[in-house]
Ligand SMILES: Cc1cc2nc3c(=O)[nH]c(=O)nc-3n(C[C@H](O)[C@H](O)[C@H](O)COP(=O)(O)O)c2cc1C
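Shown next as structure tokens: one chain only, the form predicted alone.
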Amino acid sequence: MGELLILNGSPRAPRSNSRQYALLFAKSYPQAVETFAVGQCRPWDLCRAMEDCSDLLLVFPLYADGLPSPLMGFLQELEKDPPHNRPVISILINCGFLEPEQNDTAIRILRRFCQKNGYPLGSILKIGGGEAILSTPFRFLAKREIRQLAKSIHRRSYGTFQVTMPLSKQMFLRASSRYWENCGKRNGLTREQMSAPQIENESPPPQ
């Protein structure tokens, strides 16, 4: 007991922003932590790991105003076969929107899960602009709030925190459009192709 377990709920956990956030948290937390990628582990192995921890941190991106499918699937399995120990569940969620409050619906889903299944809810960090903030000069803002999150969990003085980039919506939209257009170029896609509804069914044009 007394250990902290991090579960990365991103569908692309090994190369995800959630992995970067989890690493930053682990550096800020004064004790050793153990990290698992939800989509790469068997649910019962994760449940067994939860038996030995007092705090559980869920790190994941917002997907369609809700939880990503690996995390949702794990919670469904956890509901059917829970561990005897009920750790305190804290949340680190990031979204591509500028406003951190866009994460609120997903947080309400997890709050309801905790209430229904007897898990205490701990600290919450909501990150806006989560796809970009770590690669901008505003990285220090995210790191500062992650340190606050780590401190609150370690001291068991749980709270809610949020952070985003200090940009206007117009500036954010222009910057994000340039970011995604450059991503498209690196993958051989034009802006028009990226705007098409069938983009996921098309292969990049031959080089």
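In this text, all values refer to a predicted model and were calculated from it rather than measured experimentally. The first residue of the shown sequence is 1; numbering continues from there.
We do not show the form predicted together with the named molecule, though everything after this point is about it.
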| property | result |
| --- | --- |
| Within 4.5 Å of the named molecule in the predicted complex, all of S18, A64 and N94 (non-hydrogen atom) | yes |
| Contact test in the predicted complex: E131 vs the named molecule, heavy atoms, 4.5 Å | yes |
| The named molecule contact at K185 in the predicted complex, heavy atom, 4.5 Å | no |
| Touches the named molecule in the predicted complex: R191 (any heavy atom, 4.5 Å) | no |
| Residues of stretch 181 to 196 in contact with the named molecule in the predicted complex (4.5 Å, non-hydrogen atom) | none |
